[in-house]
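Only one chain is included here, represented as structure tokens and corresponding to the form predicted alone.
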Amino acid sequence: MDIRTALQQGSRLLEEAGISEPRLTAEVLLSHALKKDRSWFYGHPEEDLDGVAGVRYNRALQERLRGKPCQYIIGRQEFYGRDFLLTQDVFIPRPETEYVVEQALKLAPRPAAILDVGCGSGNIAVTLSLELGASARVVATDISYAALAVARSNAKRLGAQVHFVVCDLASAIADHSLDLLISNPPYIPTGEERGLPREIREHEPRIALFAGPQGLDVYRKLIDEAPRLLRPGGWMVFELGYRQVDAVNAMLDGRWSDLLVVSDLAGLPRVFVARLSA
């Protein structure tokens, strides 16, 4: 079988199974199987697909047909222009979370002490460390040892200076030690599990998805803890779940100012920013 035929057959299988973007998915999976860039296909459509690569490609197609996300099959995902390694121990970074990073980078003065709570693959913490450089001390926490192993490998591979701590949220972090508390917390209500796509429901870690009946449990804990953690004038920057901006805003008391809600390209509230009064 040549490359052109492999892509055609893979695309057809995926399309018949109702997989979105079947051609692109087939290209990504074949690229992974061949260990070559997708652009290589267009210059070598008649190249034979050797036995080992063919087996890898077929296995990857079968995994995708069973609902496993491409990112877990190929073991990586791009975030903020960098390639992050993944396993099924961590949530797949989404493009929308780049808005969270962008807002953190707009803070003035730039934060010198940063905590990323529930860091998963480390995409936020590693990105902030690399973008801010030596001027920032970045700490990242997660309750999962396996997730922190992935985050640590990404930091080492990308050359980021991040300190990793295994704990529940920010329980191991010292009082009044931070300029920025940042997080993409779990925010899906537990009652909405059945409505999620199979790729999310069956493959991504539950602890990174669900946060109580209304999806607000982790927001509430972080906002309660934030005055202990932040120095006066410090910031909170959180990713928002769908329809949760009013509920999160209602959790704040008079100690908070400079409130800001940033919407994504779809017009949905995506990032919540607040500052602890000096």
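The first residue of the sequence shown is number 1, and the count goes up from there. All of these numbers come straight from a predicted model, not from anything done at the bench.
There is another form of the same protein, the form predicted together with a small molecule; it is not shown, and what comes next is about it.
Residues V28, A60 and E63 are none of them found to lie within 4.5 Å of the small molecule in the model of the complex, as judged by heavy atom distances.
This chain lacks the partner; the member of Q88, S177, S153, S144 within 4.5 angstroms of the small molecule in the model of the complex by a non-hydrogen atom is S144. Though the small molecule is absent from this view, in the model of the complex it lies within 4.5 Å of a heavy atom of just one residue from E192, E202, E78, D168, which is D168. Contact annotation: A113 falls outside 4.5 Å of the small molecule in the model of the complex, judged by heavy atom distances. Contact check for A208: a non-hydrogen atom falls within 4.5 Å of the small molecule in the model of the complex. Contact check for S129: no non-hydrogen atom falls within 4.5 Å of the small molecule in the model of the complex. Taking non-hydrogen atoms only, Q71 never approaches the small molecule to within 4.5 angstroms in the model of the complex.
In summary, the region of this chain contacting the small molecule in the model of the complex, judged by heavy atoms within 4.5 Å and restricted to 131-139, 183-191, 156-164, 102-110, corresponds to 183-191.
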